[in-house]
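One protein chain, two forms: both are listed below as structure tokens, the first as structure 1 and the second as structure 2.
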Structure 1
């Protein structure tokens, strides 16, 4: 019974720090290194050489869908992953809860990153019960906000709206919140921009009244007093992965965006205890679920977020620790991987020295019963370039997996 398990270290790729090894190279990961030593390795351009991918576009590519054709904005995938069923014409934005000063200049784009479920619920109440009715009354636009993980959330607008508006997120500290502007001359674009600016303004005004902010200040945490929106988009029409590649696939992820992309391409989506999309995630339950699901699927995809979070925070040791935590959890299941195919890679690099996504290639390994074994014996950016897979793109992964599963159709006679 052929099966594929794909482990993806979000933002796992890195650069040598100060002339030293990358976190992935430095990590003590005997199980991942064992898989590398027994399989084929290479380097992967998630989209194309030098292209700096978002996690959304990179995952589309890795799932086998050309992001230049299917990408319509991140917000739609975020909403789908958060459990919001988008209707035709809906526009969704990805959001950050943030901290701004009295001049609306961004002090922290993630409000310290630590947002409790109770705080998130209070933000949802403010937007959905207080701000949304005002926007509806003035502009005829329905607004729905839902928190996802930590500082992240999704904002959906319904009515005479368009995704063709600019972001309010300046993407950097020290810059003021941007004013949303229509990107075309349409009435819908103007209304959407006005609605987004109204939500932004009203939230910052009303956030002063939130009781959670007094408690946060007492704890030394930055206040939650701004919503930054970006990536407005609508739900694209996508051919299911079962039809496109003949693969029955399931995804295990704690991050709404990744669940959304997986759902959009027709994967069944699961989560597991301990898998919350943070750098402190534990992976034992997720790996156990992956093994259990193998009975009903050809391919199981498991998403590991912590490496990306650590990269964005510039935390070398934490990024290395996340890899080691996954590797330890993998120990229990190494024997059960015999006879299966295992693919391990990243969706992009998030070097701790840069704290952002870069266009660097990332390592990839493919392990399995009849995979050509090369001379690479360590899974890292500094070693996998010598492997038999050489240099491939994200769009190559699903055809490779489908071929090993014996599901791909012959091209020609």
Structure 2
């Protein structure tokens, strides 16, 4: 029973700042290093050399889907991550709940950055139960709003729609809400722009009557009286990973966007206690779940967010600590990993010296039965380029996994 466990350290790659060791190099991680020593190492360009990936495009690539073909704006992946079932052709926008003045000029793009779950629910009811039926009646477009975190949410449109419409979010305080305009001459673009403008207008009109705004006024919080949309994307038609690579795959992730990408490519998505998508996550439960899921899947993908968060914060020690925490949690399973394939890599570098995603390659290791053993015995940016895998790309990972699993179709005879 061949299986693959893929551990992805989000933003785990780094640079040797001032010539010093990277967090991955410095981390005490005997288990990851044992896997590196026993297997093949290399460096990975998540998309292509030098390209600065987002987490969404990099995950698409690592899951075996060319992001230049399948990435259709963040909206769709954000909506999937929020648990909305998207069908091919659905259009999704990222939204902010915001505060505008009487002239529709934006006063606060995040409504004071304070939106409680109860307030979010009331907004959902307003959009989905009051506004959506009107839009459906007038334009034949189905509208679904879902709140995600704080002021953030997604607005999905289904029907004769297109993602080729401009944002209503002016991205600036002091500017009025923008009119959505179709970006091409299509009928769908026109309808979508009209639907989006209708939602925007009705929302600001009806928000006055919301009970939450009376309460917010008393607390001195700015009212929630606008919804700003941006980043329209449509849900592409994606051949599921099981069909494309012959691999039954599950993802364990706490981050909505990653869950969304995994779901988009047809993976079953799980979460585990302790896996909240933060730098203080604990990986014991997630790894146990991964082991349990091996009974029903060929490949388990486990997403570790903390390295990226620490990178964005410029926190070297925290980044190292996240790796060490994962490594400790791995201890318990090292025996069980024998006879399995383990792949460890990153979706991009988030160097603590840069605090943003960069285009650097990241280390990768492949451990498992009959894998060529090279001399690399330490998993890091400073060592893995000496390994037998040489330099590969994100899109190469799934074919390699599928081949080791003996599940890929032969191309030709």
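Quick caveat, the model's predicted, so the values are computed rather than measured. Rigid core (definition): largest C-alpha set, two forms, superposition within 1.5 Å. Residue numbers count along the first chain shown, from 1.
- Remark: the form predicted in complex with another copy of the chain is the source of structure 2; structure 1 originates elsewhere.
- Rotation of the smaller rigid part against the larger between structures 1 and 2, from C-alpha superpositions: 31 degrees.
- Core superposition gives residue 166 a CA displacement of 6.2 Å between structures 1 and 2.
- Once the rigid core is matched between structures 1 and 2, the CA atom of residue 231 is found 3.8 Å away.
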